[in-house]
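A single chain comes next, written as structure tokens; it is the form predicted on its own.
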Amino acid sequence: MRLDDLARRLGLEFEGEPSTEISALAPLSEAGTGELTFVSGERLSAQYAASRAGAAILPPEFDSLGRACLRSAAPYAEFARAVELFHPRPSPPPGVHPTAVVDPGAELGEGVSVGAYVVIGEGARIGDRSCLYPHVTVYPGVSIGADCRIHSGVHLREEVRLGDRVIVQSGAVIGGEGFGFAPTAEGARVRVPHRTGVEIGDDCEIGSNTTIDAAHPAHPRHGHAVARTRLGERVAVDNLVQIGHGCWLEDDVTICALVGLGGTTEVGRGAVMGGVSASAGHLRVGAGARVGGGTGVSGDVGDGEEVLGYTHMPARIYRRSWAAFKRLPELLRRVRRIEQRLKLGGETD
């Protein structure tokens, strides 16, 4: 692809010879003639100077050294878009595979692709150009928006609603029964039914083998008469995540791998939950908050707050505490020496 053509497709300004040919993409340390790379900041200036890359996506003020380049305030993001141009994902053709089972009462939009052994229940609605890969199960009444990609082995349970351009990776289960039991007067327990479904907004991505549980009406959220587990728009959920019943994730939330959210956890807009972190139920992680990897959240986290540790504490205190913890053996030895000297001194007196 010519440099000027690539710039046009990405909507970026370019510098250098317009006819420069770009044939592949590569990291900065490996890029050679004819390959496109990216530079994220000044700390890589020496590596860029030594690079043989045919062109690079550079920040606005970065010195291009007279080489062919594209300019962007977010080079990594634009490089990711370039990957889509050079390595487009093959799309299955529209149509229903002969082995698929589609209830006559289901509605399929224009250009929908239904793969082998897919099952679509009564009253389900599939939006235009959406693609269901092999072995997807769509329960009755499920609604899937336009341009969605539902990968193999996904199960969408009753009352699940997906917005437009949602990606669900292989093995995810959305809308399964939440974990909830109520004790009886005799000391037994009964299962609390979770039947009010899951709602996922536009442009979300759900990772492989992630589970998002349905809610029940005992805990209505945000003025809704009936509770519903809900993810806002542009929410990114990594692999192997458990989102409990009635959780409410606002727009632009990021949930990293192996996170567990207890039932009715609220996560504010733009918040990030680091890998292997977890929350108890019935709490709120504020907008823009940062929960570090491995953190156990046991109470509310304020807007913009950064927390670490188990149980969580302000990140600056946790870091100081951890630094002190590593010095405990040395400090104990010093305390013992001081105690010994005081004891000897006392006996002399």
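Residue numbers here begin at 1 and follow the sequence given. Remember, it's a predicted structure, so these values are computed and weren't measured experimentally. Take the two forms, superpose them, and find the largest set of C-alpha atoms that agree within 1.5 Å; that set is the rigid core.
The protein also exists as the form predicted together with a further copy of the same chain; that form is not presented, and the subsequent description refers to it.
Select from the listed residues 96, 106, 258, 146 the one whose heavy atoms reach within 4.5 Å of a further copy of the same chain in the predicted bound form.
Residue within 4.5 Å of the partner: 258.
Counting any non-hydrogen atom inside 4.5 Å, which residue from 68, 287, 313, 44 sits next to a further copy of the same chain in the predicted bound form?
That would be 313.
Could you tell me if all three of 134, 209 and 240 have a heavy atom no more than 4.5 Å from a further copy of the same chain in the predicted bound form?
Answer is yes for this spot.
Should residue 157 be counted as a contact of a further copy of the same chain in the predicted bound form, where contact means heavy atoms within 4.5 Å?
Residue 157 belongs to the contact set for a further copy of the same chain.
Might residue 123 be said to contact a further copy of the same chain in the predicted bound form, defining contact as any heavy atom within 4.5 Å?
Flag for residue 123 set to no.
Should residue 202 be classed as touching a further copy of the same chain in the predicted bound form when contacts are defined as heavy atoms within 4.5 Å?
No, no contact at 4.5 Å.
With a cut-off of 4.5 Å between heavy atoms, is residue 49 one of the residues that contacts a further copy of the same chain in the predicted bound form?
Although a further copy of the same chain is absent here, residue 49 would stay clear of it in the predicted bound form, with no heavy atoms inside 4.5 Å.
Would you give me the residues of 66-98 that have any heavy atom within 4.5 Å of a further copy of the same chain in the predicted bound form, in order from first to last?
Those in contact are 73, 74, 76, 77, 79, 80, 83, 84, 87, 88, 89, 97.
Note yes or no: does the Cα of residue 97 move by 2 Å or more between this form and the one not shown after the core is superposed?
After core superposition, the displacement of the residue 97 C-alpha between this form and the one not shown stays below 2 Å, so no.
By the 2 angstroms cut-off, has the C-alpha of residue 286 moved between this form and the one not shown once the rigid core is superposed?
The answer is no; the displacement is under 2 Å.
Against the rigid core, is the Cα displacement of residue 299 between this form and the one not shown at least 2 Å?
It does not reach a 2 Å shift.
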